[in-house]
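Just the one chain here, the form predicted alone, laid out as structure tokens.
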């Protein structure tokens, strides 16, 4: 197999959650550029449709879908739609996630804990579950989950986010063991500091001050050995690697595109 063939996704079908913006949108775009038909799902239906339209304008096949990943029945229905309309499911990229306002463990309210776990952990679980049911019978497939550098570096104020992402890491490993005999691989990506719309809102709130964001970006770049923050495309390339045959001997692993900010 040549190098381009190893990374190619011709004839394959991918579902990407959180595809309306940030890492999810960059991933949906890259998987399509690599040959996959892509279902772009996002809780913001208009953003999902816009992502699909952008991909479609480049000649690839893409569908947009509004999806709340915390609704297990809705996730099942989306995967069923992908199989019905596109014929199969080869890649499930569980990228949708939310951040919460900074709060210590002692001061975190139960509603915040429930909301973050519902999206960031249960949402990934539901995506894994729906994909696993299709892929184990199909005898092939790759599930890629979005973890976070927060699983390695304890950071005050984001406990709900961190424990959800730590759960994603263990879910990934457990499912990898369960599905290995069915020809299905399961891996996760744990990004470092990437200036996405979600991170921008966390730092400066909706429509945050550009000067605040610039100062935060410069500070985070200084914290990273490579001297810069990541771009959504940096993380999308890691997802493509895990989705493609280039990683055919990789399962149950956490890939860390983080600029060296943690080296566990």
Ligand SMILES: NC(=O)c1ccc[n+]([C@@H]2O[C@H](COP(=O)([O-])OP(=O)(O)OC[C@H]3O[C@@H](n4cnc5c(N)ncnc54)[C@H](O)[C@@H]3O)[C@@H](O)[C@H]2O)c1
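Residue numbers count along the first chain shown, from 1. Only a predicted model underlies this, so the values are computations on that prediction, with no experimental measurement involved.
The next section is about a form of this same protein that is not shown, the form predicted in complex with the named molecule.
Put simply, of 95, 164, 128, 89 only one has a heavy atom within 4.5 Å of the named molecule in the predicted bound form, and it is 95. The partner is absent here; in the predicted bound form, the one residue of 199, 238, 50, 216 having a heavy atom within 4.5 Å of the named molecule is 199. Judged by heavy atoms within 4.5 Å of the named molecule in the predicted bound form, the contact stretch among the candidates 173-181, 77-85, 140-148, 101-109 is 140-148. At the 4.5 Å threshold, heavy atoms of residue 15 stay clear of the named molecule in the predicted bound form, well away from it. Residue contact check for residue 43: one or more of its heavy atoms lie within 4.5 Å of the named molecule in the predicted bound form. Within 4.5 Å of some heavy atom of the named molecule in the predicted bound form lies at least one heavy atom of residue 69. Contact check for residue 21: a heavy atom falls within 4.5 Å of the named molecule in the predicted bound form. Remark: none of the three candidate residues (64, 133 and 135) comes within 4.5 Å of the named molecule in the predicted bound form, counting heavy atoms only. Of all the residues from 166-195, those having a non-hydrogen atom no more than 4.5 Å from the named molecule in the predicted bound form are 191, 192, 193, 194.
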